[in-house]
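Shown next as structure tokens: one chain only, the form predicted on its own.
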Amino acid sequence: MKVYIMCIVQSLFLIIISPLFTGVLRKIKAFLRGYKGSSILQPYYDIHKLVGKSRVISNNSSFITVIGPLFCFAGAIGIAFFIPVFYTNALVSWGNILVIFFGLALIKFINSLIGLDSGSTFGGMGSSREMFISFFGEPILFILILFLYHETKTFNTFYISFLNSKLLLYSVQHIMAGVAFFILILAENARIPIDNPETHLELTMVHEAMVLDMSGPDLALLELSSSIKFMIFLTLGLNLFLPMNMASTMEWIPIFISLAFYLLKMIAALFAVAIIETSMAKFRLFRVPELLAAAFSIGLTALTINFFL
């Protein structure tokens, strides 16, 4: 019983702290660019401000715009309970990686429908670009799932992280698969060089174009779900490919050590993302498949090496 309570606690921790990690990422980017930047708590202030505003919905919108933001938010929260954060245990039965990524794909699909439902040119453009990028990203995902299954003989994320944390399977092919997954994280979460989350220029928007017509509580739910989704991807990347010092027993000292290591690994991952976003420009749309094809090749090579060794 204590194992399941700990799994629920760590998932609630991830949900609550996700906007803080977003604020940390913005602060790191501001530091690298040479200015002070906003507080790391600014995402919480923004969400509070949006929740207090009135709801504005176009007359051309359907029920998709009405229930879509709530569905995305509920989906992001639900998926957070299927992944290990700083505690893992081989006895946890839920956490099927196929269910997790199907849920994340469903959130993306609803976001795309919201962009189309508004009837604006920008929304439709952003949705079409999102599906275009997703078309090249999904093969990478399936290759990496096959790699993890061949490496651990399970689809359970809790067991994968438990096994990798005990055996420390940091082979060359494992590192290659981790690099491919990092590129996939950038693609799935609208980060540079795939997309620029800070722009509202009509020729460069992808994710921002889909939510451009949203406001008030609806925009708050979409922004919060996007932040949680980003942290889910980063947490999965850290715990599936770099799960060192993860707690697997119900003792306070190992749990606190694991939590400290998780925070350090997350800050390091955010620092890597910030370096990429401050040192690179956004790719042209038709250059994105080249990057994703390279990630697919890396993942396929890792799977091939793992299969023959």
Partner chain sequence: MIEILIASILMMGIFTVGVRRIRMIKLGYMLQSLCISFICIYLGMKSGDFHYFIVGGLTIVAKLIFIPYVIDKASAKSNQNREMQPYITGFWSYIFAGISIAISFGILRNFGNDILKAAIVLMVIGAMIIVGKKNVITQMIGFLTMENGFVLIQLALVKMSLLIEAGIMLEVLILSGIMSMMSIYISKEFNTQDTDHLINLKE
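Residue numbers count along the first chain shown, from 1. Every value quoted in this text rests on a predicted model; they were computed, and no experiment measured them.
The same protein also exists as the form predicted in complex with the partner chain; that form is not shown, yet it is the one meant from here on.
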So, in the model of the complex, is residue 298 in contact with the partner chain at a 4.5 angstroms heavy atom limit?
yes
I'd like to know if residue 199 sits close to the partner chain in the model of the complex, meaning any non-hydrogen atom pair within 4.5 angstroms.
no
Using 4.5 Å between non-hydrogen atoms, is residue 305 touching the partner chain in the model of the complex?
yes
Residue 9: heavy atom within 4.5 Å of the partner chain in the model of the complex?
no
Non-hydrogen atom within 4.5 Å of the partner chain in the model of the complex for each of 171, 176 and 179
yes
Contact stretch among 159-167, 229-237, 179-187, 83-91 - heavy atom within 4.5 Å of the partner chain in the model of the complex
179-187
Since the partner is left out here, which residues of 281-298 would have a heavy atom within 4.5 Å of the partner chain in the model of the complex?
289, 290, 291, 293, 294, 296, 297, 298
